[in-house]
Structures are given as structure tokens and as C-alpha cells.
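Encoded as C-alpha cells, the following chain is the form predicted on its own, with no partner shown.
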Amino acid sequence: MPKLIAANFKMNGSFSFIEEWFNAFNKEDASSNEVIVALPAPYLGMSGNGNVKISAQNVSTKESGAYTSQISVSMIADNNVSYCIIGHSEAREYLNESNEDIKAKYDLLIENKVKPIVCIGESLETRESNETFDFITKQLEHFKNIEDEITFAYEPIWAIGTGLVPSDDDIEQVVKHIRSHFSQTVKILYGGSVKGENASNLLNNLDIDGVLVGGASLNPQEFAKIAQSC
């Protein structure tokens, strides 16, 4: 079964950088996995080739109106975007997004045929307090009545951009916990300091359906290595 390999450029890039990135990645890519690149909003109209799908990094809870700086679901759909990341810990923190906000975004994306990738994950304080599973359950509860396939990205906040990676057992326990809440197909990506050197173990030895890659994805050669790891 092909894995889902997603790059999140965050607030990085330019027209020239992204064009050069796609050119370099296409020379290296020999993966049969599904590859996704989440670009900053101004660059959503760019694409690499038919093997790379474009994702937005967020979307508004509102469909239109007087919401300066916001980007509606119809706007990202106009750019032929296949996916959209929602609930990323950085958006939860800096934009004060609630679990209710994220579910509202999910509903809008589904209505407009854009596939949501719902990010969940605990802080270091939560993990050290042995409250990880309760915290994850609260993030999942708004999605428990969904019958369609859903994709989550488990990103422990303390592992994002820090170089720290949870143990295989820690990841497996959370993945099992997530799956236990749903009767339908659930895809689960892992994110948090994913790099070329640890991707093979994550993708081949754990019960995950792919990875969400941050900083390492900005290097097209390294991201191609990750995409080829499984």
C-alpha cells in the first residue's frame, strides 16, 4: 500500500525557490508513494508534475465576507488544491484555533472536495504529566461521528523542529489510541523532526500511513530520499 509523504514548507519559499525545488525534486523522485507539498498561500497555483499534489496550509472557518487576511475554501479549491492541513500546532498556538474551529474547517473542506489533514499532538508538559491520551481524545472527539475516511497527522508538539523524536513505542501507543476511536478507515501520518535518516524506520516499522515533513522538506534531495524510504 503506497504511503502518503507530505512536505510542509510553512512560511518559507518564493516563486524562484519553489520552481527550483520542483525541478530538483523531479530529478530525484522515483517513489510510488503519494507525494504532497503544502505551499504558502501565494504559491498554491504552482505545481511540479502529475506525481506531486498540492496542499494548502490552512483555511478560514468562513466561506466569504469581511474577514481581512483570511483565505476561503473556495479560493484554495480554485487553485486545484488536493489537500489542506488544518489544526497544526502552530496555528492552534499563534491563531488561537480551537477544536471546534478545526472541525468547522474540516466540514467546509469536505463539502468542497478538498481532503483535510487534521493535525493533533501533545505538548511536552502534557506528556510529562501523563495526560497524553486524555489530551488526544479531546482533539478527536469532534470527529467521532464521521463515517468517511479521515486523515490525521500525529505531531507531538515537543518534537516539531527540535530534533527530538518519540520512541517507536510512544508513537505506536498514540497511533493505536487514535485508531481505537474509529470504526472506519483512518490514515495516520507521523510528523515531528522527520529526516532522511529516520524516515525508513518510521515508514517501514511503525503502523503509520505516511509522514508529514517540515524543515527537512525544504531540501528537495532529502525529501526525495524520504519519499523513497518505503
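Small disclaimer: the values here were computed from a predicted structure and weren't measured. Just count from 1 along the sequence shown to find any residue number.
This next part talks about the form predicted in complex with 2-phosphoglycolic acid, which is not shown.
Residue 160 is the only one of 140, 71, 91, 160 with a heavy atom lying within 4.5 Å of 2-phosphoglycolic acid in the predicted bound form. Stretch 185 to 193 is the answer when you ask which of 185 to 193, 199 to 207, 54 to 62, 23 to 31 has residues with heavy atoms within 4.5 Å of 2-phosphoglycolic acid in the predicted bound form. In the predicted bound form, residue 13 stays away from 2-phosphoglycolic acid, with no heavy atom inside 4.5 Å. Not displayed here, 2-phosphoglycolic acid is approached by residue 155 to within 4.5 Å at the level of heavy atoms in the predicted bound form. Interface membership of residue 215, defined by any non-hydrogen atom within 4.5 Å of 2-phosphoglycolic acid in the predicted bound form, is confirmed.
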